[in-house]
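What follows is a single chain, given as structure tokens, in the form predicted on its own.
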């Protein structure tokens, strides 16, 4: 399916019951999102704007490590952010987030229970984010360039792919190297394990074409043939490449892959509260849930909405029929020593 068609289908889906949002209080105003690529696509944002009167502006991040620095520097620019489950507690602890007033949200009961009650989003009976999407961080390769299907992370260290390897420019590169070293406690690595992961990544550097920072950058690297294998945001970049006629395939290696869940959080003190809550309510609807899934290829957090807008085949393909699939992955957690992890990754990039 071409990207144009996928977007068109999302627009048609949004038109089906967008009247429900229009019947709500007409918020009017502006809404500034700090979010990931694909989370503010016009296909499902435009119907929201028309129905709510809220003008949406999006700023995109390439890593969860971008959220807090951008909030620090933003000077009150942002109203909603969409960090992953390992970063949501960090933004709360840093004092940048207001709790969700659940009395203003309809549809929370349709969320998968494991997301609604996630300890990364709930403390002392308060909800700090509205779950939105979820998925995996698999690996992806060009099937026309790599004819023997990889089964291990070790493929990213194979000298025969020198100059054709990439990794996400993110501290999660440490998780990749740690698993290759046999260390599965990737969020609680001790000093020796962190040092071993660092050295493994430094050893890999001569093979790296480029560390990618955005979804679009990795798509371009694969499309141009500069990169043949990398970790990826499951579903999103492979769909973009398939639309371009580039043959790629995702795989979960023998050493497993990470899992993630992203949620919408309200930035403390936002003056655009009405528009923020209008968006939070909209985000749980079938229109928004299938809209974002059509664009990104990700699974979505609202089971009821997914059932309402997906075919049975797509529902099953995205593991919507078994959200516990995410428990077979290594679901992101805030590392025990976040600053040490960040410094370790920066040391890898600085190494000659």
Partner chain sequence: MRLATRRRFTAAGILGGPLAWTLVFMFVPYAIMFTYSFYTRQFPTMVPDFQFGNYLALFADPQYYQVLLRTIKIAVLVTIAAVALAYPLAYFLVFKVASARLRTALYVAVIVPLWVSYLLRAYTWKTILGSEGVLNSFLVWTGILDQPTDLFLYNQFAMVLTLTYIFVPFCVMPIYASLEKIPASLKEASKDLGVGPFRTFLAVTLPLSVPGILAGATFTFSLTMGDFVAPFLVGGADGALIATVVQSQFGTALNWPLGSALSMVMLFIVLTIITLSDRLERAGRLDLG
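Model, not experiment: these values are computed from the prediction. Residue numbers count along the first chain shown, from 1.
Below, we refer to the form predicted together with its partner chain, which is not included among the displayed structures.
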(Q) Contact with its partner chain in the model of the complex for residue 187, defined as at least one heavy atom pair within 4.5 Å: yes or no? (A) no
**Q.** in the model of the complex, residue 154 touching its partner chain (heavy atom, 4.5 Å)
**A.** no
Q: Indicate whether residue 242 is a 4.5 Å heavy atom neighbour of its partner chain in the model of the complex.
A: no
Q. Heavy atoms within 4.5 Å of its partner chain in the model of the complex: does residue 101 have any?
A. no
Q. Which of these stretches, 125-133, 146-154, 272-280, 88-96, has heavy atoms within 4.5 Å of its partner chain in the model of the complex?
A. 88-96
Q: Answer with one of 137, 180, 194, 208: the residue that has a non-hydrogen atom within 4.5 Å of its partner chain in the model of the complex.
A: 208
Q. Just one of 252, 114, 162, 108 has a heavy atom within 4.5 Å of its partner chain in the model of the complex. Which one?
A. 162
Q.
Whether 37, 119 and 317 jointly form a contact site for its partner chain in the model of the complex is the question; each needs a heavy atom within 4.5 Å.
A. no
**Q.** Partner contacts for 223-237, taking its partner chain in the model of the complex and a 4.5 Å heavy atom cut-off
**A.** 223, 224, 225, 226
